[in-house]
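Next up is one chain by itself, shown in structure tokens, the form predicted on its own.
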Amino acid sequence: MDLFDAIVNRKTTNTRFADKKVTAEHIELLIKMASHCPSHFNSQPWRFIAVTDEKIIGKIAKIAGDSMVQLMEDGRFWRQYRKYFRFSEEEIEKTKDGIHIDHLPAVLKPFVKTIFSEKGGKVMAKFKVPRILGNDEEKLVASSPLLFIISLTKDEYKPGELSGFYSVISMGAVIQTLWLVTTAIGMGMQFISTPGEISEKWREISSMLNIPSDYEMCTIFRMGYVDPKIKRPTIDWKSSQRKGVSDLAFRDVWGKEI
């Protein structure tokens, strides 16, 4: 696939992956391409774990699902992300950002704006929305043939210091490279974020993976081969809209048209 095509076609895979193991050649390719990413003073602060063991994936999936339920039930999810929710084509076409919640059970559609709000706890509880999303999260992760974990050495990753900032920049380059490589070879990729928002859950996974104390586990991605025939999760959204060049950039100084 042409590089420009891969950049434009890259997207987060919200659905299950094809029922097919990721080949050893593709796992090696992902790691090799990630290893060529830039890093401050060529420090290469990252280390990777490619998890294919179904039992380990299942345990991480359970933690991810439980984390989703907890985040929604205690209100953190809504306080953190409500500003990104869009409920119509017109709304997302106007803002060109956020996520359009366009796929959910018919019984929930009349209540979507109430459900996806900080004050919608009673409605969510009535329709068991947190558990629906938690179950979907667990199933998605559990069915993934590959989890890809990125850790950073604490020699470089020092939040609040320049080395920490530089190491996060280099990890960003790794993540984008992984997303482009997966896109180019017919794979998909999704960030598993929910356990990272609950510190004890994150520590539980890090301990499960035997990550040493001088490394910080920073991200978990689920990966697999894309199958367009697979149905979407019970509650799902899309985020294909992008702001135009003139909305994002200026020439020479802020505010001057590009």
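In this text, residue numbers run from 1 along the sequence as written. The model shown is predicted, which means the values in this text are computed figures rather than measured ones.
Form predicted in complex with a small molecule: not shown, discussed below.
- Contact with the small molecule in the predicted bound form, defined as any heavy atom within 4.5 Å, is confined among 59-67, 189-197, 203-211, 226-234 to 189-197.
- Of the residues given (123, 99, 184, 168), 99 alone sits with a heavy atom within 4.5 Å of the small molecule in the predicted bound form.
- The closest non-hydrogen atom of residue 14 lies within 4.5 Å of the small molecule in the predicted bound form.
- Taking non-hydrogen atoms only, residue 243 never approaches the small molecule to within 4.5 angstroms in the predicted bound form.
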